[in-house]
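Shown here is one chain on its own, the form predicted on its own, set out as structure tokens.
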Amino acid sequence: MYIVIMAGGKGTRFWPRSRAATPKQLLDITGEQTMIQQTVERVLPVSGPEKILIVTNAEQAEELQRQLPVIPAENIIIEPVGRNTAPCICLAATKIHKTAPGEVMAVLPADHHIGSPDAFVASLRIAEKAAADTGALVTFGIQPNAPETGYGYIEYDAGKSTGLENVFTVLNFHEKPDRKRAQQYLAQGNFLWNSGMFIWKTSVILDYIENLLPAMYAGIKPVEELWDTPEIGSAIAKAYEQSESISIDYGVMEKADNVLTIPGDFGWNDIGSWSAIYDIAPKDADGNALRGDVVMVDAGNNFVHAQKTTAIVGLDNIVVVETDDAVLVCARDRVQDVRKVVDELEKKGRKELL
């Protein structure tokens, strides 16, 4: 099957390491390889490099190609401007549909951590068969282990068989809940976190976009005939000028009438903040996750990424991230507010730090 990797995000919550030209997917945040390299490597068992497409922006395209020499240059799709996930997916689908209209495509973010790649590949194969056999839109749900309020939820029919093992009919998508409602979802038992990973036939998703987002479809679909021609760049630019900014979840998935979900058990983490890196990192006896030359004195449960010798004394539950030109010090329970630092730097015109 084809794999479409969405890799255009800015990664503002990973400042100061993440910058506009090198967001988190281009960094070695979770291991020796960068996140995009890990994402590509884990899907190679189900798809050759010639069937892997990456959607990004002009600022990141050159570095992407440098990091991923195995991916053909023509498979790097450049968006002229970010328009959320629906236009991105529609655009990639037209490229695949031009030559392989009956093929299944998987849509994956570039910056997720998968702790069990073999289990992930097995789930992809199940999803490919489900999408091919049923013509449904298929999504991975993640079994929740806490009343998380930062994710959307998928409600599925646990009592009705689809005839496919570990594949269930989706009843509803739910927006990010408050804590009380999230606790109710966990107690009910037939709710999954929405992972933002999708599998479907290109023909099926394009039909849904045509019916549910007709203006977007009308603007982007003509691009299909211009792939592999000199006019493709200007055609994409024109299509995106007219396209609304909308997520595939809101624009299609929440309104579609034939959606299946597969509960994923493959060590998923969406790596949404420095705290998520702390969660998956190895730790010392005091609960500290350390990278670099770090000295800890009476300090516990900290995350430190240091470029030079860094000492922490008497502090718990903090994040310290050092780069050549900036240092972040943050309470671990405030890591979601790191994006506000980027907002402040933008207001002050500090482009050299963005």
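The first residue of the sequence shown is number 1, and the count goes up from there. Quick caveat: nothing in here was measured; it's all calculated off a predicted structure.
The same protein also exists as the form predicted in complex with another copy of the chain; that form is not shown, yet it is the one meant from here on.
**Student:** 311 to 319, 281 to 289, 35 to 43, 50 to 58: which one contacts another copy of the chain in the predicted complex at 4.5 Å, heavy atom to heavy atom?
**Tutor:** It is 311 to 319 that comes within 4.5 Å of the partner.
**Student:** Using heavy atoms only and a 4.5 Å cut-off, decide whether all three of 21, 303 and 354 touch another copy of the chain in the predicted complex.
**Tutor:** Checking in the predicted complex: none of 21, 303 and 354 is within 4.5 Å of another copy of the chain.
**Student:** Residue 323 versus another copy of the chain, in the predicted complex: is there a non-hydrogen atom within 4.5 Å?
**Tutor:** Judged by the heavy-atom cut-off of 4.5 Å, residue 323 is in contact with another copy of the chain in the predicted complex.
**Student:** Taking heavy atoms only, is residue 328 within 4.5 angstroms of another copy of the chain in the predicted complex?
**Tutor:** Yes, residue 328 is a contact residue.
**Student:** Could you confirm whether residue 70 comes within 4.5 Å of another copy of the chain in the predicted complex, counting heavy atoms only?
**Tutor:** So residue 70 does not count as contacting another copy of the chain.
**Student:** Tell me, yes or no, whether residue 293 is in contact with another copy of the chain in the predicted complex, where a contact means a heavy atom of each within 4.5 Å.
**Tutor:** Yes.
**Student:** Go through 334 to 350 residue by residue and record those having a heavy atom within 4.5 Å of another copy of the chain in the predicted complex; state none if no residue qualifies.
**Tutor:** In sequence order, 334, 337, 340, 341, 344, 345, 348, 350 come within 4.5 Å of the partner.
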